[in-house]
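This document starts with one chain, in the form predicted alone, laid out as C-alpha cells.
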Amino acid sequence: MCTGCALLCDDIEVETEGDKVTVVHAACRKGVARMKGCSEPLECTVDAEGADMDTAIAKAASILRDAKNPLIFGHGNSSSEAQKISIGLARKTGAYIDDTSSFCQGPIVEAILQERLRTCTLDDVRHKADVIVFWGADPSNSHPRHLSRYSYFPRGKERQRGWEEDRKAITIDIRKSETAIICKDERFYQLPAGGDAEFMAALTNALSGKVPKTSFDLDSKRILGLSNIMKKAKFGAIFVGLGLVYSLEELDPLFALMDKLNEFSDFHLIPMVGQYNMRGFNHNLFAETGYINRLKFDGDSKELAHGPENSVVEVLRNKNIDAALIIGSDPLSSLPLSIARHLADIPLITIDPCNNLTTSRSAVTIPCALGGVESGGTAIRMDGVEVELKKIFDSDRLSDQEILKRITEAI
C-alpha cells in the first residue's frame, strides 16, 4: 500500500535490501520517493543535542504538561490509530487540535460527513462513471496515477470501451493544466480567479432551462453544452481540488449545483485530498466530537470549543499557544512565515520520519517509523474507504502510535 498520497494505491511491488526499499514497481514518482524513505532521516534530539528515546519522550511530556495552551497539529501522514491517541492526548492536556484540512479540503469533507453532499468510491468511478469533472484540480501532477487507475483511462465493468468512447472528462480551472490538455480543448472551461461561484450559478441556471450568463468571457452556448453533457450522465463524478475550495467563500453554490444535477442525473463528489490519511483524521475526530478540525479541549472538563478562532492559522497569528506538538507535518514550510513564525518562539516537539524546516527549530525531535513501509495500521482513502497498511519490513524506530502512547502515559 503506497502512502505517497490519499489514493493509497494497493498494487505496489518493491524490492528490498536489508532495511531499505531499493526498487519500486507500479508506483508514481511521488510513491517511489515516499517508499524509498527519507534522504535525511530524523535523529532523536533534545535542545539540538542527541538524546535517547526515553529522554526525548520525557522532555516532550514535560513540555506538554507545563503548557497552559498547547497545540497538537499535523496528522495527515499518521495512521488512524495514532490519530485517535493524539485526540486523547489533546483532551488530556486541554490542547488545541487541528490538521491541514483546516486550510484546504476540510469544508468539503465536513459537508460529506454531514451528508450534505453525495459521494461515492473511487471504485465506483472506475467501473461506472461516464462523465468525470476535474474542478480546480490537476491530478496529472497532484495524484499522478489518478487518471490511469481510477478515473479517465481504466476500462471498468460498465465502461468497457474506456476513455475512447465510454467516458467524457471535463476540466474547469483558471489555467490550462496538464489534465486540461488530456481532456482536450472542447472540454476545458477556463475561469478567471474567483469565478467559480458565478460559473456554478450559470451552470445551475442552464440545468434549469434558463439562459446562462457570466460577467466574464465564456460563451453561453458552451455552458449549455456542458449542462447537457452532465444531464445525460448515467453516473457522474466531480473531483474537487484546492482551486475550487479556495475560490468559494461558502459552499452554497456547490450545494445548489449538486442538488440540481441530481434532479436529472446521478452525480457524486470526491475531494482531492493530498496527504495519505488527512481524511482519516477528519473521520476520527468527527466520530468522537462531531467536528472535523479546529477544536480546543478543556482539560478540566469534557467541554470543547470549536470554530475558526481555534484553527492553527488563528492560534499562531494571535499567539494563543505556548507549546506545540507537530506530527508528520512541516508547518514552517507550508504556512506563511508571518503566521508560522510564532512556532520558533515556543517549545516545539516534532514527530516525523524525516528532517524538515520545522524539525530544525524544534526543542525535541522524535523519529518515527515510516507509515506503510516500517509500520502498519489503518488509513482512510480520499473517497472515505478505510484500508489496511501493512509494513514491508521491521524497523528499530517506534511507530507514531507507540510514541504518542508513551508521551500520553508519561504526562
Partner chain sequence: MGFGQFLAAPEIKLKVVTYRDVFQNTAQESSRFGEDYETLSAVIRLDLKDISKLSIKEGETVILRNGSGKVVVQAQKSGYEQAHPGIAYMVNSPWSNVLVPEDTGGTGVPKFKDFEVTVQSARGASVTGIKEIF
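Here the structure is a predicted model, which is why all the values come from computation and not from measurement. Residue numbers count along the first chain shown, from 1.
Another form, the form predicted in complex with its partner chain, is not on view; read the next lines as being about it.
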Contact at 33, 174 and 311 by its partner chain in the model of the complex, all three, heavy atom at most 4.5 Å
yes
Consider the chain as shown here, without its partner, and state which of 48, 26, 38, 385 has a heavy atom within 4.5 Å of its partner chain in the model of the complex.
38
Which residue among 141, 208, 289, 220 has a heavy atom within 4.5 angstroms of its partner chain in the model of the complex?
141
May I ask you to check whether residue 201 falls inside a 4.5 Å heavy atom distance of its partner chain in the model of the complex?
no
Can you work out whether residue 120 and its partner chain are in contact in the model of the complex, taking contact to mean some heavy atom pair no more than 4.5 Å apart?
no
I'd like to check something about residue 317: if you look in the model of the complex, is any of its heavy atoms closer than or equal to 4.5 Å to a heavy atom of its partner chain?
yes
Just checking whether residue 160 would be counted as a contact of its partner chain in the model of the complex - the rule being heavy atoms within 4.5 angstroms.
no
Mind telling me which stretch in 320-328, 259-267, 112-120, 243-251 gets its heavy atoms within 4.5 Å of its partner chain in the model of the complex?
243-251
Taking its partner chain as it sits in the model of the complex, which residues of 185-219 have a non-hydrogen atom within 4.5 Å of it? Please list them.
190, 193
